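Consider the single chain below, provided in structure tokens and representing the form predicted alone.
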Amino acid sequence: MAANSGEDAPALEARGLSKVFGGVHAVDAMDLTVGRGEAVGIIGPNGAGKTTLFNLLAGSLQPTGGQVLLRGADITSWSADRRCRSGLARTFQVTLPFDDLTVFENVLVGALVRGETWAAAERLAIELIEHVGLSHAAARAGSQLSTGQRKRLELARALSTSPSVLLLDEVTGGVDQASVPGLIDVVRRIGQTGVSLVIIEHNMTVIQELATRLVFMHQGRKIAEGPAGEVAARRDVRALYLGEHDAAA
């Protein structure tokens, strides 16, 4: 089937995407469509293939089979940096800011890589730092940030590349409970700007607040897909994700 192009094409697509390591199908014939401005959640137990899927979408891994399309263009063979320059950005579960640089400088680097002039990059960095709620820490070194602040910086750095699609890997993972609502609010506001979001998240409460549609993965395959509330309530999903005892509760 020919890819749609231009304004008719989805923001991001995976078609029959697969990755085999030895005899293990880490991602197995995965189909995924993300509409423009849509927020889609990817859930599943540890080892389900969620992060491998992200690595395939972002270009960190090349697939064994299948395609990745960005706004209708086949980007399967593109490098990660070319995908980033074309509007596909990601965050990582384990944040790795430049520890010796300030928050401002960390975000400035991303804007400069995008090709902005120095003055434009500085303006963008200031705007994004305010957007994620880190203005008070703009002069603080990356090494001095709390886990929640590092997550916010990770979001600002990803946004500095001006993405149309943002892959979020466990944005609330490892964060104290008091910091979670603020991060949810930041992600919501990012979605409201029209950026399409694909979100990996273990916390079911969080993912149902952020995503309108859920995809449940198990052993590399898509087991369920649909409105967030419906997928979260399915007994087979609860059995595989939460365990038989919880599913029966």
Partner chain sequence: MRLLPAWLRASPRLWSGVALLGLVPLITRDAYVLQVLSLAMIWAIFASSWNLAVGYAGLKTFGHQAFFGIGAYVSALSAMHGGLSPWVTMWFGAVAAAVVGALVCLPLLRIRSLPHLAIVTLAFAEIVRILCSNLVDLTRGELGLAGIPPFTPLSVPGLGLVSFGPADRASTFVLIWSCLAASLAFLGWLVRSRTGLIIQAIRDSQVAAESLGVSLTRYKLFTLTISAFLAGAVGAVYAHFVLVLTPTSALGIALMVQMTAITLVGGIGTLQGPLIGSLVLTVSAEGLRMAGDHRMLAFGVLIVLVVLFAPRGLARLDLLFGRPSQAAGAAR
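Positions refer to the first chain, counted from 1. Note that the structure is a prediction, hence the values are computed from the model and not measured. So that the term is clear: the rigid core is the largest set of C-alpha atoms that superpose within 1.5 Å between two forms.
Separately, the form predicted together with the partner chain exists; it is not shown, and the next lines address it.
Shown alone here, residue 71 lies farther than 4.5 Å from the partner chain in the predicted complex, counting heavy atoms only. Within this chain, residue 130 is remote from the site of the partner chain in the predicted complex, having no heavy atom within 4.5 Å. A residue is said to contact a partner when one of its heavy atoms sits within 4.5 Å of a partner heavy atom; residue 176 fails this definition for the partner chain in the predicted complex, lying far away. Heavy atoms of residue 167 never reach within 4.5 Å of the partner chain in the predicted complex, leaving it off the interface. The candidate spot formed by 233, 236 and 239 lies out of contact with the partner chain in the predicted complex, as no residue has a heavy atom within 4.5 Å of it.
In the predicted complex, just one residue of 125 to 146 lies within 4.5 Å of the partner chain by at least one heavy atom: 141. With the core superposed, residue 141 shows a C-alpha displacement of at least 2 Å between the shown form and the other one. Once the cores line up, the CA of residue 101 ends up 2 angstroms or more apart between the shown form and the other one.
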